[in-house]
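The chain below stands alone and is given as structure tokens, in the form predicted alone.
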Amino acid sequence: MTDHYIEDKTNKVEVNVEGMDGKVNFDDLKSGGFIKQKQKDLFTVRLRCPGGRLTTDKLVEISKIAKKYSKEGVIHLSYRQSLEILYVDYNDFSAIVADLEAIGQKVASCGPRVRVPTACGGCEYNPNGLSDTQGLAKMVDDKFFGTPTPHKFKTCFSGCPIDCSRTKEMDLGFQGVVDPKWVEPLCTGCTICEQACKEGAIVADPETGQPIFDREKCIFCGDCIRACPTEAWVPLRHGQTVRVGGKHGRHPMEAIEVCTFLPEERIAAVIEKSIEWYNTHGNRYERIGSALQRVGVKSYMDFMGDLLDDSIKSTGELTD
């Protein structure tokens, strides 16, 4: 049954796109990145833009293609960093896909599978960035995009605790963090680190000016490291805070934090095992967060094993 707002009351159309020849349901088209609009015969074509990044040359070529096939000549920037060409007639599907392929641009997909990852700018140019979010998004897109799952599975990467990519609202989110260490001989007691710390995790000793560090209040943003003029604050380690089970929409759910300092080299393995757990325990059309609520977080953590271990001694020294 189709939405009563859609002017075209039929639920099937004739298409001729790779992997979709003949009569295809609207839902099948949406899974392939072709989303039915309310206007008869017209669709939105969603493009695959991992991390929201495109070269200027490709952006110009996409604009030309949109001008050619969009009946209104418009592009929409989606909330998940995709470009969407609006008002495309389904009779033009084969032609628009061919033109997009000619410039190396792929069509995205919807439905129950791993979606295109989103990411902030990361450490490439953002002073707050603590990890290569764009590189990680590309890795996920290359390795995991389109992997079947019980429902949609969204991943994202934030470069720092400002969390622009909203890891708390994703099925699996990664946020860059840095563990600060104070090197006493280099400290002049200038108190700049106290002023830089917005969390109250650093308080200057009233007599010496040297920092008193409360690690429990630290959110591992690295502001103290960037602010210190004598490099008395240094990175002990970099890593990723990992959150699983979040979603927005009609029934939002906040993700569960399952690791604070995941080494970057483990990210691919964590994604792969999380998908494996989800495919084993998730019901059809059930997001991973709901599966975690139903089955229990312990099941997930037991399945992940040592992958999510981020042990550190209270002295601030890494364990073996």
Partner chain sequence: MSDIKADEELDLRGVVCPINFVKTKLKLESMAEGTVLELVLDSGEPIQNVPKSLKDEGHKIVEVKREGDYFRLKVER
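Note that the structure is a prediction, hence the values are computed from the model and not measured. Numbering follows the first chain given and starts at 1.
The same protein also exists as the form predicted together with the partner chain; that form is not shown, yet it is the one meant from here on.
Exactly one stretch in 137-145, 194-202, 241-249, 105-113 has heavy atoms within 4.5 Å of the partner chain in the predicted bound form; which is it? Of the options, only 194-202 has residues within 4.5 Å of the partner.
Heavy atom of residue 171 within 4.5 Å of the partner chain in the predicted bound form: Looking in the predicted bound form, residue contacts with the partner chain do not include residue 171, since no heavy atom lies within 4.5 Å.
Since only the chain is shown here, I'm wondering whether residue 149 would be in contact with the partner chain in the predicted bound form (any heavy atom pair within 4.5 Å). Contact check for residue 149: no, nothing within 4.5 Å of the partner chain in the predicted bound form.
Even though the partner isn't displayed, in the predicted bound form is residue 237 close enough to the partner chain, meaning a heavy atom within 4.5 Å? Although the partner chain is absent here, residue 237 would stay clear of it in the predicted bound form, with no heavy atoms inside 4.5 Å.
Hey, in the predicted bound form, does residue 78 get a heavy atom within 4.5 angstroms of the partner chain? Close contact is absent here: in the predicted bound form, residue 78 is far from the partner chain, nothing within 4.5 Å, heavy atoms only.
Can you work out which of 231, 216, 207, 184 has a heavy atom no more than 4.5 Å from the partner chain in the predicted bound form? Checked against the cut-off, the match is 231.
Contact assignment for the partner chain in the predicted bound form, among 100, 164, 225, 123, heavy atom within 4.5 Å: Exactly one listed residue reaches within 4.5 Å, namely 225.
At a 4.5 angstroms cut-off on non-hydrogen atoms, which residues of 245-263 are near the partner chain in the predicted bound form? List them in order. Not one residue comes within 4.5 Å of the partner.
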